[in-house]
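For this one, two forms of the same chain are given in structure tokens, first as structure 1 and then as structure 2.
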Structure 1
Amino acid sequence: MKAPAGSVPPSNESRRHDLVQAAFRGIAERGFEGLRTRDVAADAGVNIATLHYYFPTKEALIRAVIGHAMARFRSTLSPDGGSDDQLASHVRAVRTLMRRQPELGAVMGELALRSARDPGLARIMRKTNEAWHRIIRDLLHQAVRAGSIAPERDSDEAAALIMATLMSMALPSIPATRSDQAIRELDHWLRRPGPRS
């Protein structure tokens, strides 16, 4: 596709970003099963050969879509505020993000469901979830050091509970009111004093 005379051709990074955005929108609108690389290329305004230049395989494109989605989630990790409230801020910010950008939940839900039948996607999702688990564990450590949550709450199990609660927000069958209840209870549980020995 030739650029109009006098225009500046898009940079490699810009074109790559356009392709990822087109794939992200495609999954949000048509589901994983409806994702076609030809449609992605057309939506981004390039030919299929250009898409394959940037993403030689569909797995590479999906990996980039997951990276894009996770960057949105990472944006909820604010360096502002004390270490004692970063975990609570992250939980609230993820809830707000999922409400404001429902397509993000649709994409993550589609990818999670597909990963049960796709070993390659399952590997990518597992690595992504392990990285998020480590981030939540770090936030739990900080909150314990700051004294805002009980030391007993600082565990792999607590991090898994937080992740499962936040990930459930991507499921279309769970109404927003139930997600809100779960988030409130999670916040209450984290701040509740742990068992006495």
Structure 2
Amino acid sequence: MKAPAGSVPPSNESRRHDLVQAAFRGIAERGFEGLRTRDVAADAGVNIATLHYYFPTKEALIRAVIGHAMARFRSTLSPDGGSDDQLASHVRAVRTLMRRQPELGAVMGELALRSARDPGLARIMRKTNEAWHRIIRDLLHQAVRAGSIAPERDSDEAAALIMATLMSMALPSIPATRSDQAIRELDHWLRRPGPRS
């Protein structure tokens, strides 16, 4: 039951996770611009050389943070089943997530910006976004079938609007109050039985 040797060096998964967590916080607080490996190591309570023992390069650490952030984010996307109106509950879940973990929002914003200059990251974000888009569209269809919202609109366009609104929460320049208002408006439109009913 020995750990597999080779090109994936060390184990001690907890220390590894501490470092990723520290880097995550660093990015949330100071952005990629202000991310310093020494700070990360210090924040995780280890020597800078130890950081490089787990992550050969800063880039490798950042990749791990990206994986961590995306996982944390995706876990919210999956509709938790059950309710008759999963769409509304999904939107509320995202809002709650962003409210309760402002760091995650900040990091997602940083990742979004960085994806413009990082093809690998761009690919990841594209895939995640498309998956998210599909989920929302499916939830829309389901809500239409359940009769909780009006059937009239192109579901891709509606899904795009919902996603744009939700993602805008990753921009810290938009005050929480405004985000809530936007979501409330969205919610209202989605809820009503339909314009021409």
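Residues are numbered by position in structure 1's sequence, first residue being 1. For the two forms, the rigid core is made up of the largest set of C-alpha atoms that agree within 1.5 Å on superposition. Just so it is clear, the model here is predicted, and its values are computed rather than measured.
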Check against labels, form predicted alone ends up as structure 1
Does residue 159 move appreciably between structure 1 and structure 2, meaning a CA displacement of 2 Å or more on the superposed rigid core? no
Core-aligned, is the CA shift for residue 72 between structure 1 and structure 2 2 angstroms or more? yes
Rigid-core-superposed Cα shift at residue 21 between structure 1 and structure 2, Å: 3.5
